[in-house]
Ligand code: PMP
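Just one chain follows, in the form predicted alone, and it is written as structure tokens.
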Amino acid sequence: MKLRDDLDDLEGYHSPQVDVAVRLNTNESPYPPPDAWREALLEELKSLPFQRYPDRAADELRRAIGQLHGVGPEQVLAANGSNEVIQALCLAFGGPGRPAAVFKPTYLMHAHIARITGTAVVEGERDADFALDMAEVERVVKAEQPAITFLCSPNNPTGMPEPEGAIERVLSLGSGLVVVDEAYGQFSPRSAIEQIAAGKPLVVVRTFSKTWSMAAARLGYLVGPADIISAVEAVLLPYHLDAMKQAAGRLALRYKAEMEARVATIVEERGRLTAGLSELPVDTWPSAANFILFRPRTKDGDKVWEALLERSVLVRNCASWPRLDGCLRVTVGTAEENDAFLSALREVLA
């Protein structure tokens, strides 16, 4: 069988998984979830009726997420990771003749998933400092009339939040659905969830992978107006979210204080890592996420990545990504991991 013609040249989204002492390449939490959460989940699994299908609507989980954000369960949709949420949005609102807009550099999966769903992608460029250029956004939206406009705040891979007022300005252009990906939202002082309202074509995507320390569970969710949530539900497969995942997410939300403590620790370490990088011959971008983008000034980025790997430190090589020549991205780890990274980088750049 031949692959669809429009997918012939499409490459997957990959991040190396190798055995190293310090793994700082995939923006995971360096800290595990609370032991009490593990115990509560194991206890619940003992009585789970595995012979029965899960709650198709995931009502209890949606109610708990809604309480976290001060919205009703009808304004929440849970799925298998934020990427499935993005796929469902493209299936519901994209497709042939209904393009999606992205502004590079940004999260590569937005364009990747859109193309897989048969949604054409129109691209704009961020400014020289990788901030969102509103003049460019207006140009792309007015010229292409996208059905979906993807924003990412904090943006991946730069770590920068979208500018104050940017979401309102994009909404004012009146072209389709505005999707704000907040995979790293808890690390940032601003969230677009507060701007969600009935009649406003704005939704926010979030994940349990980062701040809730649940990357292995692959659980994400969408917050938005009830009519948009209902439309997205229509394209999901029946019983798409298994009972174990629903229980894991619902129980995790009982440990909000512990999550916030982990976030505070990571933000503190982000500041310390930023200070350490400022003493080295690298350029960095201001981050509101749990990672930092940097570019070595004196050595080739690919060679620096390889030299770090030789020292058992793995970071993300972004050097081949659009406009990111020579750039690397480091996840904020534990204090010990961050010290090991800085020590190795100092040695490599000496």
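The first residue of the sequence shown is number 1, and the count goes up from there. This one's a predicted model, so the numbers in the text were calculated from it and none came from an experiment.
Quick note: we don't show the form predicted in complex with the named molecule, though the next part is all about it.
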Inset, instruction - Determine whether any heavy atom of Tyr107 comes within 4.5 Å of a heavy atom of the named molecule in the predicted complex, and answer yes or no. - result: yes
Inset, instruction - Answer with yes or no whether Thr207 is in contact with the named molecule in the predicted complex, where contact means some heavy atom within 4.5 Å. - result: yes
Legend entry - Proximity of Arg218 to the named molecule in the predicted complex, heavy atoms at 4.5 Å: yes
Legend entry - Interface membership of Gly81, the named molecule in the predicted complex, 4.5 Å heavy atom rule: yes
Inset, instruction - Have a look at 230-238, 187-195, 87-95, 210-218 and name the one stretch with heavy atoms inside 4.5 Å of the named molecule in the predicted complex. - result: 210-218
Legend entry - in the predicted complex, the residue from Val170, Ala183, Met259, Val179 that sits within 4.5 Å of the named molecule by heavy atoms: Ala183
Legend entry - Contacting member of Gln246, Gln75, Asn156, Thr119, with respect to the named molecule in the predicted complex [4.5 Å, heavy atom]: Asn156
